[in-house]
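Okay, so here's just one chain, in C-alpha cells, the form predicted alone.
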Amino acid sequence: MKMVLLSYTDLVLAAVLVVALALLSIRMKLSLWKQIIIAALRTTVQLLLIGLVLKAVFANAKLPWITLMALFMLLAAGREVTARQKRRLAGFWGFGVGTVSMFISSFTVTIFALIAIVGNTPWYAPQYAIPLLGMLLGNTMNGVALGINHLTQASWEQRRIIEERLILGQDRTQAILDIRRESVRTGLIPIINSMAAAGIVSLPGMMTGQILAGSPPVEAVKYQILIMFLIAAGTGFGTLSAVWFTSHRLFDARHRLRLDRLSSIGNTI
C-alpha cells in the first residue's frame, strides 16, 4: 500500500478546524482562544523544527549527537513539568525533581528496550532511539506533572491534618502516606486509561501512523503493545520517583512540614 503524502494545503485545511474551535471558545466566553492558538502555533513550529533536526541527526547518526538531542528533550520536558504546577518546589528543586525523575525512568526504560528488545545495531540508531525516548518522555511527563501537582496541592490544603499527625508522633512518611498514594494514582490514571481503551475505544498514535505508512496491521499492533508496556513502566517509575522526591523535600531533617519551600505560580502554555 502506497503512503499518501500530505501537502501544506492539507495542513491548512486541518488548521481551519483549530481556528473554528478558537472562535467557538470566544463565542462561549471560555477565555481559551489565546491558549488554543498559541498551542497550535507552538505545535507547528516545534514539529517543523524537530523534523529538520531529525533529518540532520539521521544523516549523522553518532552517539554524541543523539545524546545531546536526548538531553535537550529531557530538559524541555522538565521545563514543561515545572510550568504546569500550581504550587511547585521553590528554586532549582521545582525543575530538578521532575527532570531527575524522568531521567531515571525514561532513559532507563528506553535503553533497556533498545538493547534487550529491539536489538538493532548500533543500539542507539536514531530512528529507534529518538522516537522511543520521545514517546516515553511525553507520557512520563504527564504522569510526573499530575503526581507532583496533586501532592503539593493536597499537602497545602491538608497541612493541618499533616501537622496533627506529626504532633501525635508519626514521622514524615506516615504523615503524608495517604497523600503520596493518591498522588501516584493520579499520575498513573492517564496511562491506565490508555491501555484499557486501546483497540476498543481508540487506535493509539504509533499504531495508526504505521498503518497509514503501509505497515501490516499485525506488525503495527505488536509495536504498539511494546510501546504501551514501555510507557506504562516509564510513567509508573517516573511518577513514583517524583512523588517520593517531592514529599521528602516538603519536610526537613527534624520531620517538620516545610510548605515555605513551595512557590505558587499559574499554569502557562
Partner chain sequence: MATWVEAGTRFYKNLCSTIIFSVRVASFDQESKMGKLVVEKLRFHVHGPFSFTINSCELVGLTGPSGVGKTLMLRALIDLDPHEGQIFVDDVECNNVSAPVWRKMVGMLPAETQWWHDKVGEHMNEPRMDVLERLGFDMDVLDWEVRRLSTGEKQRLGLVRLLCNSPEVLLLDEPTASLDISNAEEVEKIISEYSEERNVAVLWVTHDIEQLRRITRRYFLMKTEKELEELNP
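Computed from a prediction, not measured in an experiment: that's the story for all the values here. Numbering follows the first chain given and starts at 1.
There is another form of the same protein, the form predicted in complex with the partner chain; it is not shown, and what comes next is about it.
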message: When the contact criterion is heavy atoms within 4.5 Å, does His255 count as touching the partner chain in the predicted bound form?
response: yes
field: in the predicted bound form, Glu163 touching the partner chain (heavy atom, 4.5 Å)
entry: yes
query: Could you tell me if Trp33 has a non-hydrogen atom within 4.5 Å of the partner chain in the predicted bound form?
result: no
task: Evaluate Leu240 for contact with the partner chain in the predicted bound form, applying a 4.5 angstroms cut-off between non-hydrogen atoms, and reply yes or no.
output: yes
field: Among 124-132, 144-152, 170-178, 84-92, the region lying within 4.5 Å of the partner chain in the predicted bound form by heavy atom distance
entry: 170-178
message: Give me the residue from Phe229, Trp244, Phe58, Tyr223 that has a heavy atom within 4.5 Å of the partner chain in the predicted bound form.
response: Trp244
